[in-house]
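One chain comes next, on its own, written as structure tokens: the form predicted alone.
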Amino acid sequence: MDDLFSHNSHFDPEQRIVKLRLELERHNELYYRQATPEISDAEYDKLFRELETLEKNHPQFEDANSPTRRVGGSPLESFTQVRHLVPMLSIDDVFELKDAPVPEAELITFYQRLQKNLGRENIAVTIEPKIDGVAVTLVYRNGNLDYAATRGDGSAGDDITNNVRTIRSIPTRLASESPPPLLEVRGEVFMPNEAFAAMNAERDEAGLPSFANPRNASAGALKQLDPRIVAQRPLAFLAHGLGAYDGPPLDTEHQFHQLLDRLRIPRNKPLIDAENLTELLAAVAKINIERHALGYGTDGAVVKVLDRNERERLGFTSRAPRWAAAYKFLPEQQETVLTAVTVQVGRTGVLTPVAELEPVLVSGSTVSRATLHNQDEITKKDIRIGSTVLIEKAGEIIPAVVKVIRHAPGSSAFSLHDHVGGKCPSCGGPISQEEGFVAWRCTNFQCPAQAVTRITHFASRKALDIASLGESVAEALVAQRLCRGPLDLFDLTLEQLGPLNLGSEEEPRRFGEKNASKLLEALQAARGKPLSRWIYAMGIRQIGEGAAKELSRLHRDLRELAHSPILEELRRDKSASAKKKNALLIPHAITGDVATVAAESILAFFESAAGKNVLSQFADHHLDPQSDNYRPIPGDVDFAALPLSGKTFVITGTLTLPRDEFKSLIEAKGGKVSGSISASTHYLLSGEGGGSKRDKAIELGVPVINEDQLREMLG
């Protein structure tokens, strides 16, 4: 019905846009806040793309709170300040006391102060978990999100509206036909524990520094000036407080929480009542036990007087309300001994050191292992085998070493490289550490620990383009021990592939003979793919698609590449003139020494036992990929004389040839092609359109040229 509606002769774009926005907001509510989705991701994406197209074609109906803004808008130059309608005060902390006769003494003193000031023994209070997040205020006017801001100094904070709009659990329109004219909701932006763990795992795999805890990751995200980056972070929000308000009276904390539920604003739970001190202490103890199952970081319990009239009587100090306190639990940390370090190899070849520990109880479970992330982390904390260390669960989920308490006698600094003997513990292949990355990585194309990732890359469209071989098939091949690496694909038979189970034992899903035949045909076709595709398919570090083409231009076949005198010269000669020559030989190598690094990477691989084994397997499978663009460079060529030597180009818009062809033309004449405009860009080659890149080039004063002008420059 919706598809027909969009083509109706009486089609009203504004009406359709409004309908799509409401429908998408409803599905966001079902998916992110109720966990009961009604449609598939593909169906959601179809509605989303239709709205995106309509908004682009009808900008007069722009709405800052549209669901399409969830993916982030243009980057900001800086944050602006917004003054809070009501001061955004913090809450005074009271602490659990370690080894004290009464650990809750400070909390008891707080309650006794309430008793004294209100003149009676039993004071009704509420108790809720203290979320370890970043304080944020949301201001809604007539049901629409007006702006969002950080706490700042309590009087004014940063306007982070664009970033907050990307957090899908925050409604940009309230679910009510008669919302309050003004509602300011205070709460916490945080990162759920499992999402934090998954994000850190991805960063470890990418060789990037991991975040210490979810709160730091959340705070760092909200400080980003580019909302598109924020949209990629798994942030969530829970409300817990009221700021400015214009609406029906809210006499108690319960009425405020009922309003949040009615407007479908996610709120902090559980909210426990206590009528006296005994019940208060029991509620706090209950939260301390049960908070580990909440799915997000907590570090205490917040106690508030239930009745708002009594809150007014109690009033405020200069920095905090007298009617609330945050009871901070003791950190869930334990001492233990680090007995050994093992090294795991991830799906992308990253070597991750793991601390083996004497078992210890932390946050409700026994911990015997903890990630050490990378060598930089080990060096910074001076972690040694035999040391006594302090352990906690980062984000209540990932065991981590906080610090070293004391070293064992005679212990020495730990080196991951020396510990594994400079070789991958999974396959014995070479390992390397790229400049600018903290991780060591196995570079062996046939490393079994990386089999799924390597096979998937090997079969990708820009590599050997092997039909019917996606990640799920690669996972099944590896799990069922049919492949330990990409070259094992050439041993597969129809009898093995047809019954391949892509599902589980409980719910099997056969690959089937038809798909199996397609895969085998694609493998046969891959044998004839040019050398450049094979070089790229091998996934050697520092060698991208463009560099693979250049290497293919300089070598006839794989064996010549493996024993390349050209690359050997690049590896040996580190003079300034050689660096310039290197950048032209392998123009996709970014700048400076990277061509030399690429040469070292390739030669080190083929000189290793793993690399020699790969060459042997190529021979066993009768694989002999040949260059289709071989064009040796004469020994006396004047590289500096090439017409585009030292020039950097960016390509945009619709051109008469594919961009890759223009890229090859530019590089063949000594130029380089980058993906983004910067002050160091020399030219923007622009076809029809050009969009933001053209605008950026004009802003930076970068010359914009067309195809004819480029051809003149190419000669």
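The structure displayed is predicted, hence computed values, not measured ones. Counting begins at 1, following the sequence as shown.
From this point on, the text means the form predicted together with a small molecule, which you will not see here.
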>> Under a 4.5 Å heavy atom criterion, is Arg264 part of the interface with the small molecule in the predicted complex?
In response: no
> If you check in the predicted complex, is Gly539 within 4.5 Å of the small molecule, heavy atoms only?
Replying inline: no
>> Taking the small molecule as it sits in the predicted complex, is His555 in contact with it (heavy atom to heavy atom, 4.5 Å or less)?
In response: no
> Is there a heavy atom of Glu188 lying 4.5 Å or less from a heavy atom of the small molecule in the predicted complex?
Replying inline: yes
> in the predicted complex, which of the listed residues (Lys304, His407, Lys518, Arg173) lies with a heavy atom within 4.5 Å of the small molecule?
Replying inline: Lys304
> Among Glu550, Asp204, Glu184, Glu128, which has any heavy atom within 4.5 Å of the small molecule in the predicted complex?
Replying inline: Glu128
>> At 4.5 Å between heavy atoms, only one of the stretches 368 to 376, 275 to 283, 410 to 418, 128 to 136 reaches the small molecule in the predicted complex; which one is it?
In response: 128 to 136
